[in-house]
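Given as C-alpha cells, the chain that follows is alone and in the form predicted on its own.
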C-alpha cells in the first residue's frame, strides 16, 4: 500500500549562506532510504498520467516500482531505455510542469518527487556500475549530428543503439552544448555531463570538437563525406539585447557570454586565466532560468548586491519555482515590475547605473500573460556596475546561411515537420532550440528522439 504522506521527502542541500560563496552542487541528492520512502508515495496509477507529461515518455511508474523494490539498476535500465541523459534530466528538467505536474498525488498534496528519484537512480548507477554499455553491431550507415547539446546527444544515442555509425560535430572545444557552457556547476556538475557523454562514446558515438559547421565543413560537405542522414541540433546561441542606449558600455554582458566565461572557461576557479568583471552591484535583466543562473553566479563571484530586473510580477516570472526559491535564499534581490530604459556610463565608458521605469500589469497579451504598462512618473535610477542581459536567444545564422534550400522562419529558426523533425532539405532533420528557439533541455531531448526515429525510418 502506498505511503500517503502529503509532502515529498525533502532534498538535502547546502545551506544558503555557505553555497552562495562557492560553486559546489546545491542539491545533495537522496540517500537510498529517502529514495525508497519517496518511491513508496507512488500510487502506481493504471492510467499513468505522469508518463503523458514526460517529453521522452519514460515509463515512470515502472522505474519507481523498481526503486520501491531496491532494484536501483533495474530502475536505471528502464529510464535509460528512453533517456540518454538521466543524471542531467534529474537535475535540470522542469518536472513541476511536466511529469510531476500530472501526478495524482499533487491534487491533495505534493506530487511524487519523480525528478529527484530519476537523479538518485542515475547517480547510483554511475557510482556502482563500472561496465560500459555494449556497443551495438554496425549497420554500416553513417549519420552526422551537428551540435552536442541535449537534442544532438539524444539523437546520437538513439541512433547508435540501432547500429548507426554516428559522428557528432561540436563547434566548441568541449562536448555538451548548453549543458557545459550555460548551466552552472552548482546546478549541474560538469563531471556528470562528461560521464554521460563517455557512455555514448562507449556505444560507438564519435565526437569531433572545434568543428564549426558552416565554416570548417558545410552540410553539403557532410553528405559528400558519405553521411546518409544529418541532424541539426545547433541550439540557439545568439543573444538578444533590448536596443536601449548604453548597451555597448564596458560592464554589459549577454548572459551567454557571462555564463560561458564562468562555466565552460572556469572563470570562478581561483587560478583561472579567464577574465570576467566581478561587479559589486550586478543587475540581471530577465526572469527566466538563465537569468537566475547568471544572478546566482554573480553572487558567488563576490557581488555585494545582485538584482533580478523583470518587467512583470513574480506571478508571471518564467523561471522554475525551485530556482527562484534558491535565488531568494541566496540573497538575490528581485526588482519586479521594473523595466530598464537606459544604461548609464561614466567618462571612461564604465557602467554606473540604469534608468528604469516602474510597470503595472494591463490586459493579457498573445502569450496569455498580462501586458506590462508604464506607470506614469515612475522613472528612477538603479546603481549598478555590471549589467547582464538575459532576455532570450535565437539560433545562430551560420548554418542556415550556408545551407541552400534549408527553410527558416522570420526568427531564424529551422522549419520542420512537427512529428519528425524533417526539414526542407532531403535527408536533413533538426530539433531542439534551433527549431523552437530557447526552450528546455527535456523538450530538446524529445525532439532528438523524434528525429532519430524518423531518420531510422527514412534510411530503412
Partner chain sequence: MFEIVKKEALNPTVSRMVIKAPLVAQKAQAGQFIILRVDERGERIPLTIAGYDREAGTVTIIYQIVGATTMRLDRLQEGDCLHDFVGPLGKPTETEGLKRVAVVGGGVGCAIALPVAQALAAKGTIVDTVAGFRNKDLVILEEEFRAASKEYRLMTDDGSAGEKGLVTEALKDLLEKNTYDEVIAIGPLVMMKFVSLLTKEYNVKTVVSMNPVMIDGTGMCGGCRISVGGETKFACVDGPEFDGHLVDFDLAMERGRTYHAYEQERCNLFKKEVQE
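Since this is a predicted model, take the numbers as computed values, not measurements. Residue numbers count along the first chain shown, from 1.
Although not depicted, the form predicted together with its partner chain is the subject of the following passage.
252 is the sole member of 327, 252, 308, 87 with a non-hydrogen atom lying within 4.5 angstroms of its partner chain in the predicted complex. This chain appears without its partner; in the predicted complex, the one residue of 167, 80, 336, 260 with a heavy atom within 4.5 Å of its partner chain is 260. Not displayed here, its partner chain is kept clear of residue 111 by more than 4.5 Å at the level of heavy atoms in the predicted complex.
Within 4.5 Å of any heavy atom of its partner chain in the predicted complex lies no heavy atom of residue 120. When contacts are judged by a 4.5 Å heavy atom cut-off, residue 216 counts as touching its partner chain in the predicted complex. At the 4.5 Å threshold, heavy atoms of residue 211 reach its partner chain in the predicted complex. Within 4.5 Å of its partner chain in the predicted complex, a heavy atom is found for every one of 173, 248 and 270.
In plain terms, the part of the chain that comes close to its partner chain in the predicted complex, with a heavy atom within 4.5 Å, is 341 to 349 out of 341 to 349, 133 to 141, 148 to 156, 299 to 307. Residues of 263 to 279 placing a heavy atom within 4.5 Å of its partner chain in the predicted complex, in sequence order: 265, 270, 271, 272, 273, 274, 275, 276, 277.
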